[in-house]
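Next up: a single chain in structure tokens, the form predicted alone.
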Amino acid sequence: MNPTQLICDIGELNHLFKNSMSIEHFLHQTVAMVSKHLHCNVCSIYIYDEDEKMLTLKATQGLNPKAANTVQLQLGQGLVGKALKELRTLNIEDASNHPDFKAFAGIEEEKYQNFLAIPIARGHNRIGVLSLQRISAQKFTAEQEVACKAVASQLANIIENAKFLISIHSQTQPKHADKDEEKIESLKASIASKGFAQAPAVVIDKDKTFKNLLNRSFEQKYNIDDFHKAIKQTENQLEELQKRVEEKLSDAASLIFASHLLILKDKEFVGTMAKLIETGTQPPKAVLSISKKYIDIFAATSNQYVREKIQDVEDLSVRIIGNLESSIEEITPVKNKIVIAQDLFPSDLLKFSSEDIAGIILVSGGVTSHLSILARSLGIPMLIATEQKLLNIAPNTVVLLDADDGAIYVNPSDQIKAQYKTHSSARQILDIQKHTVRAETFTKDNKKITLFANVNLYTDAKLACEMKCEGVGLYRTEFPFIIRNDFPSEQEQYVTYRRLVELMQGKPLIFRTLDIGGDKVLSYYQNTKEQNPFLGMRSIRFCLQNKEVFTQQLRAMLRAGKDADLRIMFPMISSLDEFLEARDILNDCIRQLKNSQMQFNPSPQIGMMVELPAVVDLIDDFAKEADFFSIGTNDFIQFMLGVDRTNENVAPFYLPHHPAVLRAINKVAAAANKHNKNISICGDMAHYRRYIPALIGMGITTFSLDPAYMPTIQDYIEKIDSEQAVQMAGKLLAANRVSQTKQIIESGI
């Protein structure tokens, strides 16, 4: 191939465009020309729709012709979407095994291993992608890459014109009522909680449901007996749901339906409805009228806790009317369905879990960590999508949710369903893996590595025991707080913590003190709205400002930890002063309990989370005071790099392998080891195999991870040679560019 000749030929594209019978004809002529000159098996052009954030395959030479106009990718999805999102060329030698490869059934591209994607753009204006594929084992050369960039550059103007004409044509096409649903075939989404689900969808919009009922006319006649039956049925349903939550979750139950039941038992609430019915008002209208009255009263108050009751009243009234009129479509139960919603509360997830939900798609801007963590604990597959059209999906539309790959399929094809069936079977392997986990973990050269479990709910602890974890490296105590309507008392916390202590049977157990703030908000805590809650009154700052809450939690931990290997850890420490103040409060609690003659643990280990860059330069000073350290890599990376990890727009900048992050982790590990203090990793870095060798090489031998990851991480660690891990860590710490550390990480040991 002569690149100069190719560029000259592409320079004739304006003439080709003028003489083409249609836009489609021009694009097909273009891919044929490029394919011929570059001697490749496949050449394709994708055009990007900025409004829809969607790439569509418009022309291809070499793939199944039926793929044109049917294959679509979100920005960032697959190798093509990744190239355009990052506005950089991708030259991949083994495409089908690349983690970003996206397979489409029936287009027959799996056999083409060499892959080249060139973004077509004008400045930062994304226009499309020119992609080339071939079977041969030889990677596209630098010369070919340069030639293709020249092609893409010259294509930019013409394809921009083509996009303009395509948009005009689309506006002249007849509109269909279900256009939004038709346009959504497959979407890329962020993974919040892994798993699979294939089920009918139900869109939850409680506010919309209640307002729709207010404007509804009820033709069927009901009497006062029907009303009382509906009230009793509602009460029975709520009590049954509460019982199921308590059986399934135990520590997190906290009477999440208590508010509904209390309102239902309120004589004024139900009694006023009954009086209206007795004077001739239709029961559904009476329910709505009194509910609206309560909602208006709650809405008028400045008390946030009272305002939160609006949703409870709406939920309750919808449920009562649903028991009166079973034909109301909006009140379809969520059992065995995929819920699509704009926003959810933690209590919603608990309710859904009690009703055997199949999965959740949350339509919002980013992954909220507390909902993700809770969904994982509940075993609910959950994805976070940005496509608002999902909220318009018709009831009972079949949706396939692949929360292992981060994909959503609306009305999936038979091929996709078949693929899902295979994947779903593979998920059963986890049950088998439980029996293969060893009680202890060693590297290939017999270096001891300790695997602890992250625990959010009692269900996690039970799974951790099945996975033979060596202890709990992080118990997130905030979840019993988050799902409640008020602060749990010392005794309530004691009961929760004691059950966990008894379950672990003497194994190390690290309690992290209350870590709220950021995206983990307590609806009942009255505080000013913060511009940036991640940098606001959260974690240890909240505890030191609310010492009564802090003291009750510490006392509950000390009492529950009697005769246990109890370790208490403070989160988000930024200064030695904070750590010492928190420790002093803990010591005060120990003195109080001694004086009260209560049984408790008088000598817990006291440690801290390393999450803020401010700690790194003071780590030797902290090592003289703290008994142990745990690096919370999620927040540590976020604050080190100034990247909001819940914001998908800056996701490419959230880099665990950033040289500054790696060097900071190494500095903390070195100080801990020098002072003989235990150091562990408890963030998501512990879940990803590619980072494990580097961390072991830095001297970190304790990892705390979600129990489901234990089998695969243990298997991987047993293949690592610790000396090679030290060498890998040395190379990483010597590198000063992200591109260098990325290459070292991907190369492995």
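Numbering starts at 1 and runs along the sequence shown. Quantities reported herein were computed from a predicted structural model and do not represent experimental measurements.
The same protein has a further form, the form predicted in complex with a small molecule, not shown here; the description that follows concerns it.
Checking 592-600, 489-497, 185-193, 625-633 against the small molecule in the predicted complex, the stretch whose residues place heavy atoms within 4.5 Å of it is 625-633. In summary, among the residues Arg512, Lys102, Lys337, His260, the only one with a non-hydrogen atom within 4.5 Å of the small molecule in the predicted complex is Arg512.
Only one of Leu55, Met698, Cys682, Cys43 lies close to the small molecule in the predicted complex, with a heavy atom inside 4.5 Å, and it is Cys682.
Using a 4.5 angstroms limit between non-hydrogen atoms, Glu109 is distant from the small molecule in the predicted complex. The closest non-hydrogen atom of Met609 lies within 4.5 Å of the small molecule in the predicted complex. Remark: Ile665 does not count among the residues lining the small molecule in the predicted complex, judged by a heavy atom distance of 4.5 Å or less. Using a 4.5 angstroms threshold between heavy atoms, Asp315 stays clear of the small molecule in the predicted complex.
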